[in-house]
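First come two forms of one protein chain, each written alone as structure tokens, so that there is a structure 1 and a structure 2.
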Structure 1
């Protein structure tokens, strides 16, 4: 989907349309006052104070009609430049504009406004020449918004819209928006009973329902099996730690604002853990290691807690309680290249299984000028960044560099994935760390019998199971790969009196083969049960009637298709098992 904010033409068009919206609102609601109306990725919005008036759905249609009337009138849009004194006088009765003007630098900034017919507003511009160019727009939604995004201030009303050069582009965009709505993991999560939230539990604390918990368990089993084959050893560690643990690691100085408040118990101070590396450092330190034992790969499906602002919390995508697919690899300097390569290959293998193709690698580096965010050791950073760059070049992986995106203790490789909706997200990450092993005084005995400090690779393949599940839901529209989905086959007898016994035979046979199957023996119409099976997005719906009972075959429909296919039972079971083993993305 196009980013309107990044297109010069569309940016200007939408900026102008925001003023058209404001003018129409002013015509319909003379008491209206306006805060800001910026262009955003999905179009534009305007924050409006309407006094006691509350916008409703039907009001958007009224405003649209008035906007079209103004556009048809075809007034020119004229720019004026003002001194700060003139601007203050012009908007002396508008506290919102006065606030904006008072914060402008009188010596450096030209204050400009734009006039179209009977409406004038402060704006830097640019704008189109005439309102007659603003024909192809749509108001999308409305919401509340605190003035200056501060909950202590008055609640304003925000109206969102979008504008294009022609009707074809507008309709195409609206169709894409509708697709995004249908893909929204929060909607699908509710429809398919995957997860929920409740105010008594708290914002950003999702509750995984049985269907969602099953999917998450499938993901856990999948990555656990892969990690076991690669020599990872899994552990369990507490969800809390003392403040001294995070002061030792350095997270207290660099990450405290993202932690939950301190809990005092007896003579100790605890916090809910935001990450797992300090715990894993202590597990490594639990005994003396020889260089022959390295690399040591410690993995954990670990529940972590991070403070997210309430406005940023979103379904499973942005949560305050999350489960990380975390691991820490303790290696010798000579092993960095090979272990880093293994992590990259694991990422690529996982992405292949899930059909993820739209991604790119980002080498996240420190900003040498930022001495507060990053541990101040130039030599350590130079060695770490050079090592990662060398490994990526040897792997012939395409990547780009990003200054200021590293962790406070070391550079990292981030894999940025473009999801079906929304901006790019980071799914997988691998971080190189020379610092924390020093802070925890870790060591191993090298081949000369001397103590050496190990290097640590922090890595997460799925990132968090929460975010990856949200990504998977939206990528698939809830049509999960066969090996992941909670129910793989639904059996519907045409008539319970005549066909239920045969349906039970098929049900038991599939169960014996570990195929996840349900039998719909309710006394409902056949068409209703088939439609409901499709609504639930069950991959295969078996329909059993007289013909199937007599021939000892089965007839089935694949989700999303109307064609009915008939096979003998053994062929169908073989087909399903092969698809599960091959981790097919699509149903065949």
Structure 2
């Protein structure tokens, strides 16, 4: 997918198109006042105050028509530079532009405006030479947007659009946009009844429906088993803690704006926890440890609450109540490399099992020049950073380095993915931490009988079950791997009177083998039932009629294919079980 912002040419074209949009809006709604109209990854938008007028679908067509008319007229786009005084005078009736101009410093930036025909806008530019060059554009959608992103301010109308150099690029882009809309986990989540939300529960607090909950349970079981094999010990801890716990950990000072407000109960002050590390630190501290016990790996499927801005909350991807696939690994400095390697291998393994291939590893390091931002122990940083790098190089994984992106307490490795809609997000994370063990005064007894401070690795392979599921939905378009999907086989008898008994026999056989099977014995037309089985994206649809009943075979269709295959029942069962065990991504 093209990122409009990253191409200089498209950037300018889209920026000019935003002006064209504003001009057309001004023609149609003379009361319009304009706030800002930036270029974004997907094109551009303009935030507009239209007084009492609220934009509707049909208005977009009208505006687009007017834009075409102006573009055809072909006026030149002319730049003027102004002093601050001149600018203030020129836009004296426009409180939005005055707000922008009043914050400009003439000595630091040139103030300029651009005029095309009867329309002038305050703007830094650059722009294309003439509106004539704006031919291949489309207005995409609209929404409300608070002025300066503040809910206390007036709601403006935001109109989105995109512009290309030629029609072919525009059409290709629109098709991709449509494809992304179809992949959006919020859409599929609704269509396939995976999750819902309700205003009575609150924003960013999803309810997992049976199908979604089934998938999540598969993820939980899968990762739990893997972690058990790797020596993790799982715990349960409360999803709230006292403010003192978070004062001890430092979250109170550095993370408070992401936390829900304090609850007072008797003499105690509580917060809903945003992270689980403090609880796990106390579990480590519960008893004395020898170096021989390390690494100690404390795991938990832990519910956290974070304040996310209401505009940022999104389906399962960005929620306010989430469940981390969390663990804190307590290691000696010498064990950092090996333990980190195990985590990276686990991430690679998991992504392979889910068929996820579109991701990037980002190694976030400190900026050695920035002494303020990072925990002050150069030697520790140098050793840790080169160790992480060495592990990644040895494993031959592709990664990029982000200098200055490390956390205050240590370097980290994140897995970045691109959702169907919106900016990149982090799924898995592994963060080295020198600081938290000190804050909680943790220690173990080393080889020489001396007290030593352990290093902690925070890691979440799925990140949160919420976010990972959101991404899995989009990557698979809701066609989940056979081993994950809630219903693996759907049996449809051709005729309930003649074939139901045989269908029941097959149903019981599959059920006995733990295959997740449904039998559709509703009195509906065969073609309707087959179609519905496809819409529900069920991997295998078995259709049983006379032929199958007599020969004791089954006939089935694989999701997305039209051919019907006839097979001996035992062979079919073997095939499916093998495919589940292999965690095949394709339905075979």
Ligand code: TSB
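Heads up, when I say rigid core I mean the largest set of C-alphas that superpose within 1.5 Å between the two forms. Please read these numbers as outputs of a predicted model, since none were measured by experiment. Numbering follows the first chain given and starts at 1.
Colleague: Choose the one of the two that is the form predicted alone.
Modeller: Between the two, the form predicted alone is shown as structure 1, not structure 2.
Colleague: Rigid core fitted, then: does residue 126 show a CA shift of 2 angstroms or greater between structure 1 and structure 2?
Modeller: It does not, since the residue 126 C-alpha is displaced less than 2 Å between structure 1 and structure 2 after the core fit.
Colleague: After fitting the rigid core, is the C-alpha of residue 213 off by 2 Å or more between structure 1 and structure 2?
Modeller: No, the C-alpha moves less than 2 Å.
Colleague: After the core is overlaid between structure 1 and structure 2, has the C-alpha of residue 400 moved by 2 angstroms or more?
Modeller: True for residue 400: a C-alpha shift of 2 Å or more.
Colleague: With the two forms matched on the core, what distance in Å separates the two CA positions of residue 361 between structure 1 and structure 2?
Modeller: It moves 2.4 Å at the C-alpha.
Colleague: Fitting the two forms on their rigid core, what distance in Å separates the Cα positions of residue 420 between structure 1 and structure 2?
Modeller: That residue's C-alpha sits 4.8 Å away in the other form.
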